[in-house]
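Listed next as C-alpha cells is one chain, alone, in the form predicted on its own.
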C-alpha cells in the first residue's frame, strides 16, 4: 500500500526538488499540501499542518527551521511519520525532544541531508576507506544574492547564515569521516545581521580539517572537499556530484531527493528512524565557541 505523504511548505526547494522526487518514488503518494501562500492542483490544500493530518500517513517539513518545532510535534503527536528538510531544527535540544516523542509514538523520524546523497559521495567513501587521510580542505562558496534572495529568515537566529549551505559540506564530511570535532571557528557577521556571512572552521578527526564558507563570492560556485592522502590527492567537487582520485573519476546525475524519499519510505516500512545530528552539532559548536568578527553591512539589493 502506498504511503500517503503531505508536504508542508511550497517554496522554491519544495517545487524544484521535493515534488518531483515524491512523484518519482514508488510507494509514495502526495495527498496534501500545507502552505499559507500557495496551493497545488490535484491534492488537498490546507493552510496549517494540523489541518492536513487526517489526509496523510507521513509529513515532510520544508519550512524554515525557526518555528518548525511546534509543527513537528503536532505531526508526531498525531502518530504520523516525519521527514525533516535540512537543517532539521533550530536547536539540538528541540531535536532531542522530537526524537523522544517519535519513540513514544512508535513512528519514524528522519533528518535528511541531501548532499550525502550526491552522485559521487559513495564512491568517495569507498576510495577513502582504502587509504590514510592526512588532511582535508573544504571550500564551500557561493553568492547569497543568487541562491537565497530575500530570505530574511536565514539572517535571523536559528537561520544559520552561511552555515545553511555550509552544513551540506559538513553533512558529507561526517558521512565520510567518523569522529570529527570542532577545534576553532571564526564567524564574520555583517553589522546589520545576526548570523555569519562567512566562516572559517578548524576541525580534527586524527588529522587536520580546514573549512572555508563564504556567501560573498560571485561569478560561480565552489562546492569542493579536497583530501590529501597516502594514495595521493583526491577531490569531491560540484557539491558531491564528481569525485576524482588517482586512477579514478566518477560523476552522475542529481538524484539526491529521490534517494532521500526512498530512504524515508524504507525507514517507515522497517519501523526505524534516522536522526543523525552530527552536522548540526558542529554548527552549534561553532556558534557556541567561535570568535565573532564584524563584517560590512549586507543589503540584499545593494
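Numbering follows the first chain given and starts at 1. Owing to the predicted nature of the structure, the values given are computational and were not obtained by experimental measurement.
Form predicted in complex with a further copy of the same chain: not shown, discussed below.
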Triplet 12, 82 and 147 all within 4.5 Å of a further copy of the same chain in the model of the complex via a heavy atom: no
Partner-facing stretch of 85 to 93, 212 to 220, 122 to 130, 138 to 146, counted where any non-hydrogen atom is within 4.5 angstroms of a further copy of the same chain in the model of the complex: 85 to 93
Touches a further copy of the same chain in the model of the complex: residue 97 (any heavy atom, 4.5 Å): yes
Residue 24: touches a further copy of the same chain in the model of the complex, heavy atom cutoff 4.5 angstroms: no
Non-hydrogen atom contact residue 169 with a further copy of the same chain in the model of the complex at 4.5 angstroms: no
4.5 angstroms heavy atom contact with a further copy of the same chain in the model of the complex for residue 151: no
Listed residue that, although a further copy of the same chain is not shown, lies within 4.5 Å of it in the model of the complex (heavy atoms), from 182, 111, 107, 177: 182
Partner contacts for 130 to 164, taking a further copy of the same chain in the model of the complex and a 4.5 Å heavy atom cut-off: 156, 157, 158, 160
